[in-house]
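In the form predicted alone, a lone chain appears below as structure tokens.
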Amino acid sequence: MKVLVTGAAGFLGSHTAERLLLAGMEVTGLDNFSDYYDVAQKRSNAEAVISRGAEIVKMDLRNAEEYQKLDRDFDFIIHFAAQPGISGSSTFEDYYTNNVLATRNLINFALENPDLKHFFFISTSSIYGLEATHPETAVPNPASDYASTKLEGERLILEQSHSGKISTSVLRLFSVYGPRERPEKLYAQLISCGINNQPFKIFEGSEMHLRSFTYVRDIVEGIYRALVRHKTLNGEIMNLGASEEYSTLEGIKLVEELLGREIRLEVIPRRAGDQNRTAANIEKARKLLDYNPSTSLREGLIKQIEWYKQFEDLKIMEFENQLL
């Protein structure tokens, strides 16, 4: 099986590419290596995937001409690439071009692959709105440009199933964390601040937000199961995530415990569009995929802390080598 993975140098894309390679599949990864966050981390992710046998192609999905460099014989497409999260530095144009226009271009490319079996669009719990506790049948209520443009991406993808052009599915992910997490995300920041004795900037009121924190391995397993069972998933939307909820404050306390030190908190003004609560309703995924995420928050954070320390040591070594 030949799989195209977009955003393959990112957090989720790199882990998924490795899982597919482990299963004996041929993987081509795409990434534009944008500077939204540390490109060195993306390069490290890409090197890990390449070392397992994948090809990584640098390209911008927004540029239709760049698709000419790709083959037209993929069995599956898994589309992670996006302008992520809620960021004051990202404009609506950033969200629209990366999450809508790029998806439209990728669909056009998919239509040129005659033997394509399935197109998976990786979406987000953010489309449900400030309270993401619903089954997939709930009416979306996005509260940010990020969520709105991801929802538009969903619609573009599902249109292909409804018209009978391509078999597609949408997978909505809930609060994923773990090794390679983006630096601006909660646990990546907490771990960095704790180890480096820096204050953690917390949005006012967010300490009481509730989240279905889901370890990356459990998310990747759900995606892999969906690929294996793709024949029964045409036109389906599914939530993937852990059903347990933790407050942000509980997460902070657990990181402090695991690091053996207190993290100083610096309260900053509230951020518009932040979800108050996510609780993954995964009954559909349990039924269709036999999906059962099993990694505890403690277990997952231990692994993320170990990875962070190793990655920081690697960066120090590379810096020292440059000085020689």
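Note that residue numbering begins at 1 and tracks the sequence as displayed. What you are looking at is a predicted structure, and each value in this text was computed from that prediction instead of being measured.
There is another form of this protein, the form predicted together with a small molecule, and it is not shown here; the text below is about that form.
- With the small molecule left out of view, the stretch that reaches within 4.5 Å of it through heavy atoms in the model of the complex is, among 175 to 183, 229 to 237, 243 to 251, 159 to 167, 175 to 183.
- Residue contact with the small molecule in the model of the complex: Phe80 places a heavy atom within 4.5 Å of it.
- Residue contact check for Arg52: none of its heavy atoms lie within 4.5 Å of the small molecule in the model of the complex.
- In the model of the complex, the small molecule stays beyond 4.5 Å of every heavy atom belonging to Tyr128.
- Contact annotation for Glu283: none of its heavy atoms lies within 4.5 Å of the small molecule in the model of the complex.
- At a distance of at most 4.5 angstroms from the small molecule in the model of the complex, none of the three residues Tyr187, Thr278 and Gly300 contributes a non-hydrogen atom.
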